[in-house]
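Read the single chain below, which is given as structure tokens and is the form predicted on its own.
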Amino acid sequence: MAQITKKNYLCNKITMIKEIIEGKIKKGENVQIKGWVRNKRSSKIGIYFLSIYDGSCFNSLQVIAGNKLKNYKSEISILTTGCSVKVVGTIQKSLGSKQKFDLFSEDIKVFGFVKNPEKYPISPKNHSFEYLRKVSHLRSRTNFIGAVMRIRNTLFQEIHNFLCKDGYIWISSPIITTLNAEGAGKMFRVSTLNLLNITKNDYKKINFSKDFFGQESFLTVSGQLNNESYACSLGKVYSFGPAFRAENSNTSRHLSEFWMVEPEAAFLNLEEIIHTSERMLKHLFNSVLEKREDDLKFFYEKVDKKIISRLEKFVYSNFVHVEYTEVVKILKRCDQNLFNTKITWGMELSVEHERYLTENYFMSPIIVKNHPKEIKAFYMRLNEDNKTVASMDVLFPKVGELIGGSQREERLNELDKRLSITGLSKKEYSWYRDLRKYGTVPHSGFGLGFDRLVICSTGIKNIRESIPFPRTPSNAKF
């Protein structure tokens, strides 16, 4: 077995383009990079200028390929966009004005050519988002999707960092469940039954006892109920994973498969969990500003001229806190011709209401509190007025609802009343009721739509561009 020496390791070490762009590699240092050709141009004196990217940052690195390279004619001359290469060479100060450093190549190895370059789906031209969704397996090669995914990754890491430092313990809530956490809405069924030969019981209904789990099962819409059980023993917990809703919503804000961050904390009331959500959002936006400056610059130039200033405002300004009842009064005072739907107390706010409040009236994120009990889930704590629950929705400009949360109903009698009113079975929720029987405590939590958070952080307009492989009605390709 070959011995690994420091010299051998340094010779084989791959340098990330990000390190070179950030000036962490000294002038004259010998490096090797691996990546893909973004474009190629030639000079009159027999030199090719290759723009190489490796995904580590937004920018590409210019590689100087001279005609003395052994494969100059046979391979380098026929490189096209999308080809994969390894380049060994020396870092030198660039003679051009667009970049600080160039890589003067000493050896270039081609891993893979693009077959039929004229048919390459990600050719170097502008493509519509609709077209790129049809080639989702390749669209990460574009500047746009690459930048989105790096920001998405930063947000993912920083959520874990923030909650860990705040004392939260990560748990993996189940994806397969028998309960609808929201108590309403359509769910995706999980089954191994033969659809061509369904077994039915004496009541001519599907016999789910013959199914894999022995009962009707679904993909989860939320891990909240499971999180509550662990919060009532571990104090502060959170889950972070996919959730599924079988609603036929073909909008720019909805996905059938989406990601949720769901913190749950014992002994916290509504105001305390609101404070946690606001601190977390400010931390996340600040992290994007600090760590993804190159990608944000791209979105500033190509997508939204206000994205950077808006994120800075989110970080340094307090969110507006307002009661649901006050929101209704504000909307009623407006010219009702502004809205397609006339607002009345007891209604859910529509998207147009949310956008008016955040973009025109308050011109900032707002936190709407204490909604009518009829429009909120059964598990939210009933307020003393017997009309509203201790709920909160965090609404953002251009996005609408980003976070939904509440103080949970810890009183068994009140919970049972809500289950009865909403037509839910005490038997099916027996384990959830147990939490109120055995050492019940006040507790609160919220769910943050991660994909909408990506929209807030980039300025992109459609949630389908916020996730690698979007799942929407009639679309589960790839």
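All residue numbers refer to positions in the sequence shown, first residue = 1. Everything numeric here is computed off the predicted structure, so don't read it as measured data.
Heads up, the form predicted together with a further copy of the same chain isn't pictured, but that's what we're talking about next.
Among heavy atoms of Leu382, none comes within 4.5 Å of a further copy of the same chain in the model of the complex.
Using a 4.5 Å cutoff between non-hydrogen atoms, Lys426 does not count as a contact of a further copy of the same chain in the model of the complex. a further copy of the same chain is not shown here, and in the model of the complex it never comes within 4.5 Å of any heavy atom of Trp345. Among residues of the shown chain, Ala65 is not one whose heavy atoms approach a further copy of the same chain to within 4.5 Å in the model of the complex. Of the listed positions (Tyr72, Tyr300, Phe129, Phe156), a single one reaches within 4.5 angstroms of a further copy of the same chain by any non-hydrogen atom in the model of the complex, namely Phe156. The contact residue chosen from Met363, Ile375, Ile198, Leu95 relative to a further copy of the same chain in the model of the complex is Ile198, the criterion being a non-hydrogen atom within 4.5 angstroms.
Heavy atoms within 4.5 Å of a further copy of the same chain in the model of the complex belong, among the stretches 112-120, 313-321, 399-407, 95-103, to residues of 112-120. Heavy atoms of every residue among Ile14, Arg150 and Asn475 are located within 4.5 Å of a further copy of the same chain in the model of the complex. For the partner-free chain shown, Lys34, Gly35, Trp36, Tyr53 of 32-53 come within 4.5 angstroms of a further copy of the same chain in the model of the complex, judged by any non-hydrogen atom.
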